[in-house]
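Given as structure tokens, the chain that follows is alone and in the form predicted alone.
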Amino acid sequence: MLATAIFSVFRKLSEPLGIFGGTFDPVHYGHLRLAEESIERLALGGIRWIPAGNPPHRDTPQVTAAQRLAMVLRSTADNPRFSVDASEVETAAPSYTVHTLERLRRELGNEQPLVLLVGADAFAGLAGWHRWRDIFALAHVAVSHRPGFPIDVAALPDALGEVFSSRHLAQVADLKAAPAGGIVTFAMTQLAISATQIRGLLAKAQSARYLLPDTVLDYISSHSLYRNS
């Protein structure tokens, strides 16, 4: 299987393993900086990137899942703490987070601490995710936010606010104490970069240099991606 061939097989880690899923349409420096800082801030043993094959909560991406996977592989290749999992790309089934985590539990066992990385905006909508409450039986959740703008519990939907209050961990070190179930927050460097912005620039044949790695830009150019028809 392709997935087995292209991601590093993690040994059982004492450090938590970060799980970073997304459409990555395309992957950019904002994604890479989040992954890098989460390793340092959360004392993670590594990050497993999981590009969504069939994202159920957004329009169909303009480029194929295989092309998005190829861009993630190119952008992460020089970091030994990053690995890429192609399993979601290889299946036609919708890429629901809870299903991904269940698959990882079957692969890694029940003792490995897993930490699902999400941004503050995505976390605010967590109560609308498929089987969202089951996520906490499978992984911790780490929520990144802008410096100086911590998570406002009062602004969360009632059910999610209650879960946040009951599961919030005061210390990052607590992520190692259990394989799943906690919520941590951390401030990350804000880069004003979005995939939507990049796609817009490329559609107009404008420069997107320094917003994403040159290896990804070269791939986009060689395959004529994100151009207006």
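What you see is a predicted model; the values in this text were computed from it and never measured. Each residue number is its position in the shown sequence, starting from 1.
Keep in mind the form predicted together with adenosine-5'-triphosphate is missing from the figure; the text below concerns it.
**Q** Given that adenosine-5'-triphosphate is left out here, which of Leu42, Ile47, Met188, Val163 has a heavy atom within 4.5 Å of it in the predicted complex?
**A** If I apply the 4.5 Å criterion carefully, the residue I get is Met188.
**Q** Which of these residues, Ile193, Ala66, Ala178, Ala203, gets a heavy atom within 4.5 Å of adenosine-5'-triphosphate in the predicted complex?
**A** Spelling it out, the residue with a heavy atom inside the cut-off is Ile193.
**Q** Quick one: Pro16, Leu101 and Asn110 and adenosine-5'-triphosphate in the predicted complex, is every residue within 4.5 Å by at least one heavy atom?
**A** Checking in the predicted complex: none of Pro16, Leu101 and Asn110 is within 4.5 Å of adenosine-5'-triphosphate.
**Q** Taking the partner as it appears in the predicted complex, which of 112-120, 153-161, 82-90, 131-139 has residues with heavy atoms within 4.5 Å of adenosine-5'-triphosphate?
**A** In the other structure, the partner sits against 112-120.
**Q** Wondering, does Leu34 line up within 4.5 Å of adenosine-5'-triphosphate in the predicted complex on heavy atoms?
**A** Yes - in the predicted complex, heavy atoms of Leu34 and adenosine-5'-triphosphate come within 4.5 Å of each other.
**Q** Any chance Pro213 has a heavy atom within 4.5 Å of adenosine-5'-triphosphate in the predicted complex?
**A** The answer is no: Pro213 has no heavy atom within 4.5 Å of adenosine-5'-triphosphate.
**Q** Taking heavy atoms and a 4.5 Å cut-off, does Gly30 contact adenosine-5'-triphosphate in the predicted complex?
**A** Answer yes; at least one heavy atom of Gly30 falls within 4.5 Å of adenosine-5'-triphosphate in the predicted complex.
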